[in-house]
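One chain is shown next in structure tokens, namely the form predicted alone.
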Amino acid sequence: MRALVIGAAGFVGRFLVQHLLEQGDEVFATTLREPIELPQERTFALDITSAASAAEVFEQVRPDVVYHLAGISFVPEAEADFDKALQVNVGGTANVLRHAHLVSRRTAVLFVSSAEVYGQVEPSDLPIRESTPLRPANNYSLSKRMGELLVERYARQNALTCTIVRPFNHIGPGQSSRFVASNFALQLARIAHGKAPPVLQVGNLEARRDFSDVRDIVRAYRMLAHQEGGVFNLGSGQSRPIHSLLDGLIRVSGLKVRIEQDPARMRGPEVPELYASFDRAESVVGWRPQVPIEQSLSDIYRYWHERVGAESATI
């Protein structure tokens, strides 16, 4: 299978490329700036907001399946610059879909949306299913929903085989420290290496969210891209309080630390609990999450411990 991963240098993209290679796919990838571990002839620099650049990549690769991961994925970034979020998450998606279609109507496109499109859900909505009403509540989720509408248009017109995935929170080694589990792990690693006092700065620890491992998520992407389209939630099927991630990481580190709440890390009013039903993905392709949360947390901490240690060694 000839696969094109758009946005391959991101956290999820790197895991997806590796998984596709392990499954025997012929993998091509695009990045905006960062290099990835693929032969040079299989990698392309691509800004998805450039229609001309997108056209060139699709003409050269002519993929059987496209995994569209590129975009602005950090909620505060989209809040700060909605014009950019629209340009990338909507305009860029339009370019990807148009040029995938122009290459071949048989091309399969998997569009990575977000569980954020469900917005402000009520307790009676849980677990969140694909039929749950969509109520985008911020610039990021609004831009992702607009991207979904573009995908739905191409699917409705039989112009492409389109799959939309709505992953809930997913974690793993290599994730940006802007995200909660990775941030906790980085703080602990800095403490372990004597680069910070034994104090952890935290935000709201009581919110309950659905956390799964990135390796389970990319496995689902490939499984779903090879069927006949549709919309699929991806998550663990259960909620965990944020403090359980923190407790798990502290156990892994073996450190004694003091917890301090940082007002700057507190968001506005939050939905107390969110978690997904993955019944549709399970019924269609047999997918279930497999990686235990304990392994995810251990791998995240080890990643940051090694990284901070390597930085210390070069000073």
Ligand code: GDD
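Sequential numbering from 1, following the sequence displayed. Since the structure is predicted, the reported quantities are computational estimates derived from the model, not experimental observations.
The following text describes the form predicted together with the ligand, which does not appear among the structures shown.
Q: Is Arg265 close to the ligand in the predicted bound form, meaning a heavy atom pair under 4.5 Å apart or at it?
A: Output for Arg265 is yes: heavy atoms within 4.5 Å of the ligand.
Q: Using 4.5 Å between non-hydrogen atoms, is Asp213 touching the ligand in the predicted bound form?
A: Although the ligand is absent here, Asp213 would stay clear of it in the predicted bound form, with no heavy atoms inside 4.5 Å.
Q: State yes or no: in the predicted bound form, is some non-hydrogen atom of Asp47 no more than 4.5 angstroms from a non-hydrogen atom of the ligand?
A: Residue-level check for Asp47: no, no contact with the ligand.
Q: Any of the heavy atoms of Ala108 lying within 4.5 Å of the ligand in the predicted bound form?
A: Flag for Ala108 set to no.
Q: Heavy atoms within 4.5 Å of the ligand in the predicted bound form: which stretch among 121-129, 151-159, 222-230, 182-190?
A: Selected stretch: 182-190.
Q: Heavy atom within 4.5 Å of the ligand in the predicted bound form: which of Ala85, Ile217, Ala115, Leu97?
A: Looking at the other structure, the residue within range turns out to be Ala115.
Q: Of Ala207, Val90, Leu142, Ala196, which residue is found within 4.5 angstroms of the ligand in the predicted bound form when only non-hydrogen atoms are counted?
A: That would be Ala207.
Q: Of 44-81, which residues get within 4.5 Å of the ligand in the predicted bound form if you count heavy atoms?
A: Heavy-atom contacts within 4.5 Å come from Ser73, Phe74, Val75.
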